[in-house]
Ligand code: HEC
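Only one chain is given next, in structure tokens, and it is the form predicted alone.
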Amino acid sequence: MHRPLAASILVPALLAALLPGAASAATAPAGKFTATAKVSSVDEAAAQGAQIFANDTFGTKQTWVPPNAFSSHAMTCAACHTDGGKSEGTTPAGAHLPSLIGAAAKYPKFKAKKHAVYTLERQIVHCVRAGIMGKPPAYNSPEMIDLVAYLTQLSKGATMGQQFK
């Protein structure tokens, strides 16, 4: 078997699948915010993360009715985490959610109910699956990196490591 030939066929296909910049935002499904693979700063990644947080439905069919609205909207992170996560939020079922300011500084943390250590990325995956009921971004995807940059930006100035004894 001639491996370079196989690689020459597979590598471009893999790159096209892995780089969201290969597909334009115009061809993305409705409710899907497509991050670009190239950013020029952490602040730009955080800004893209804020857009994902506010607009990406992660493919969910779940809807919610925002306060003072007349119609329902597809679920996004902003459905529960109001004001971009900068103030206290509420789930559609009425459960209280704390502000996300400083939240990134609390990870990794041990979750006794799960008997596991959760990273910020793992918590994002959990929220997208359980809260939005959508398909979460892959751990090393540009979307996940942008979401982590956004949540970390909200934690700027927070003391890190207090979860460690």
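Heads up: residue numbers just count along the shown sequence, starting at 1. These figures come from a predicted structure and were not determined experimentally.
Missing here is the form predicted together with the named molecule; even so, the following discussion is about that form.
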Is Val128 close enough to the named molecule in the model of the complex to count, meaning some heavy atom within 4.5 Å? yes
Given that the partner is absent here, does Gln123 sit within 4.5 Å of the named molecule in the model of the complex, heavy atoms only? yes
Leu100 versus the named molecule, in the model of the complex: is there a non-hydrogen atom within 4.5 Å? yes
Proximity of Ile132 to the named molecule in the model of the complex, heavy atoms at 4.5 Å: yes
Using a 4.5 Å cut-off on heavy atoms, which residues of 88-118 contact the named molecule in the model of the complex? Thr91, Pro92, Leu97, Leu100, Ala103, Lys106, Tyr107, Lys109, Lys111
